[in-house]
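Okay, so here's just one chain, in structure tokens, the form predicted on its own.
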């Protein structure tokens, strides 16, 4: 694990010693870890593979609903339901990725965002209710995960936090290993020049479909974790607010600057909570924040760190 990731997760690991008695603060920390995984997956597919996918929230919701349905309708253990939900989401990612293989740039963004737009009416439709989505009411009684005699429920937030931390570490390590592997090199080659990469034998179809499957699986997995932690689901997750929040996480951390997405997620979740007193003006402030960040920090926090430290250290930060 890189020094940057180890430092961030190490600090997160000791925070419950100071705020463990405050349920609201623990909830914020848990959500930081959950969105850190989702944002990192989005960074992998968009920042490294160069695929402008706007379906990350949809895959998160698919994973959450699938895990809830598996555990409620089929009586599957929540942990197994999470893994199955990840596989279902990976399959959905492949199905979405297949038509995107013939498209580029904004057209991929339109197709993937169309999935986001279609998902809400599907979940509310008769077909969705037949699958167990609960329609407009949503799913209200999702069982919590139980393991080794510990119940990871909303009333046991310290246990949930460390489970979320373990999941975030595992998912982040997988993403880091992919970036540093030959896959990561292939992603960057395809992003910079797909024609030149193809001339070197790099299969765009293979690697782009693989990144759709991998990021969808990890996003669906953490979506399932979210469902069993919160205990209820509704289509409000598909609102534009969450989409904008995830975009801010990427911009703040630095697109293609892993693990910048992790830093961006933590800072955005905490910052959004601090702006809660603004009420209806909060979206306006967040929108203005995006504009300022793009102008002042085009490479995000990680780019700023590289400019403040010596060249060799900066290179280590960029790689990890």
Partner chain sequence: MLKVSHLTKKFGELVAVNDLSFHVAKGQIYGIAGPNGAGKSTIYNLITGNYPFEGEILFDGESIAGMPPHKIAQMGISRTFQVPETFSSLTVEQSVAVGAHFGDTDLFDPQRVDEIITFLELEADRDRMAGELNLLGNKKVMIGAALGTRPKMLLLDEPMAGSNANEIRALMALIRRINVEMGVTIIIIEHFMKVLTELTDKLLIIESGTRIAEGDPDKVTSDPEVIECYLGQAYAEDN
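Residue numbers count along the first chain shown, from 1. What you are looking at is a predicted structure, and each value in this text was computed from that prediction instead of being measured.
In what follows, reference is made to the form predicted in complex with its partner chain, a form of this protein that is not presented.
Open item on the list: Please determine whether residue 188 contacts its partner chain in the model of the complex, using a 4.5 Å cut-off between heavy atoms.
Closed with: Output for residue 188 is yes: heavy atoms within 4.5 Å of its partner chain.
- [ ] State yes or no: in the model of the complex, is some non-hydrogen atom of residue 195 no more than 4.5 angstroms from a non-hydrogen atom of its partner chain?
- [x] Yes, residue 195 lies within 4.5 Å of its partner chain in the model of the complex.
Open item on the list: Quick check on residue 202: any heavy atom within 4.5 Å of its partner chain in the model of the complex?
Closed with: Close contact exists here: in the model of the complex, residue 202 approaches its partner chain to within 4.5 Å, heavy atoms only.
Open item on the list: With a cut-off of 4.5 Å between heavy atoms, is residue 182 one of the residues that contacts its partner chain in the model of the complex?
Closed with: Residue 182 belongs to the contact set for its partner chain.
- [ ] Name the stretch: of 222-230, 238-246, 203-211, 117-125, exactly one has residues whose heavy atoms fall within 4.5 Å of its partner chain in the model of the complex.
- [x] Of the stretches listed, the one contacting the partner is 203-211.
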